[in-house]
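In structure tokens, one chain follows: the form predicted alone.
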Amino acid sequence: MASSILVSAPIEAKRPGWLSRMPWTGRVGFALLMVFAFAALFGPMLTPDAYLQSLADALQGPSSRHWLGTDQLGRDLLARIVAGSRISLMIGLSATVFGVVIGGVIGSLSGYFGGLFDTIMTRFMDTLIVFPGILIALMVVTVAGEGLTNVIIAVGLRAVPVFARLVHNSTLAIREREYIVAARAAGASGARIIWTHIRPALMNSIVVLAALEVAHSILVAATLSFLGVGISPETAEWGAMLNSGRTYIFRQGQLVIYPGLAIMLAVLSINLFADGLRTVIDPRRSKGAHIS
């Protein structure tokens, strides 16, 4: 009797998700970042009014009513730190998007078309990148004046040459590949080639650099506010809280300790997440970096 043999197709193992492929430091950074994101989205609805003043409760220490104490105007410190997470993350994300869009357009156009435009823009971006980013942002916000929009533009302008250089150098390396030459020979316009073929090839590098730039933008914005030229001192922003609380540093240290910790943890979480994201996107490069 002929025996029948059942041959089952091999079951392809499901590839683990991007989060599980991160090193533990990246997952820790992602978890911390989610805490800040939750605080930014829902925190103001769960805490007292961050701008409610009560001079009778000024400069109080931690208590059951005010978990982290109050500032010099009697405002709840925890509520202001939670509200500051929304402002700081919004500045970091908006300034980075501004830098990605403007820098990406400049870098891709100059890298693809070359010529006189490439020479002028390359020299201009190289000149900007020589100056410290905080100095560029400081000059812009000093001229434009304080305010959330002006700070976002100032911090975003600092990031433009960073992304322009990355996109420009990558476009130079990609534009002579066979599929780009074939698309050009088929009559595709330069704008179509940049958007359809070059942009996807640059996304991995842009995403990792953008994650790092969010952290840098938050730090620069906090520095501007601490210097008194960024966000209005009354605004619940971490740098502005440091600026207004430094007068009382020896009497009520929590006025500078807690905003400083918030800045440190936010920047640390984003940097850890960006490093883990780099490992997921290009694991071979990350392994080589660890081996070397």
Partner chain sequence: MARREWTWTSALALAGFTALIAGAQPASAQNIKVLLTSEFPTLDPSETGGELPMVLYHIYCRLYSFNDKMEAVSDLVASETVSEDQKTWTLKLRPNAKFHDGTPVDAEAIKFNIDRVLAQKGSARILFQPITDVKVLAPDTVALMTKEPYPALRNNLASPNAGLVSPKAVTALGDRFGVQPVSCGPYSFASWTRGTSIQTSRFDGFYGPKAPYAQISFQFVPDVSTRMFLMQRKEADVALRFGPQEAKELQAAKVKVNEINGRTILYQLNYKLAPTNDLRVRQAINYAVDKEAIIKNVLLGSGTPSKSVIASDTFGGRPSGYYEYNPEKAKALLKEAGVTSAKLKLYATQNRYYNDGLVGQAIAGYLRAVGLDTEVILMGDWAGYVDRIGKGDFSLYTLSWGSSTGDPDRIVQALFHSSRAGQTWNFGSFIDKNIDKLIEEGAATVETSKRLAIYGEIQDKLFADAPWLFMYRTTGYMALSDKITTIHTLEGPEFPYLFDLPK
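Residue numbers count along the first chain shown, from 1. Since we're looking at a predicted model, the values are computed, not measured.
The same protein also exists as the form predicted together with the partner chain; that form is not shown, yet it is the one meant from here on.
Engineer: Considering the partner chain in the model of the complex, which of 233, 62, 48, 253 comes within 4.5 Å of it through any heavy atom?
Structural biologist: Contact residue from the list: 233.
Engineer: Counting any non-hydrogen atom inside 4.5 Å, which residue from 205, 169, 196, 72 sits next to the partner chain in the model of the complex?
Structural biologist: The option sitting close enough to the partner is 72.
Engineer: Using a 4.5 Å heavy atom cut-off, which stretch among 111-119, 197-205, 91-99, 72-80 contacts the partner chain in the model of the complex?
Structural biologist: Of the stretches listed, the one contacting the partner is 72-80.
Engineer: Closest heavy atom of residue 58 to the partner chain in the model of the complex, within 4.5 Å or not?
Structural biologist: The answer is yes: residue 58 has a heavy atom within 4.5 Å of the partner chain.
Engineer: Since only the chain is shown here, I'm wondering whether residue 67 would be in contact with the partner chain in the model of the complex (any heavy atom pair within 4.5 Å).
Structural biologist: No, no contact at 4.5 Å.
Engineer: Does the 4.5 Å heavy atom contact test between residue 42 and the partner chain in the model of the complex come out positive?
Structural biologist: Contact check for residue 42: no, nothing within 4.5 Å of the partner chain in the model of the complex.
Engineer: Wondering, does residue 248 line up within 4.5 Å of the partner chain in the model of the complex on heavy atoms?
Structural biologist: Judged by the heavy-atom cut-off of 4.5 Å, residue 248 is in contact with the partner chain in the model of the complex.
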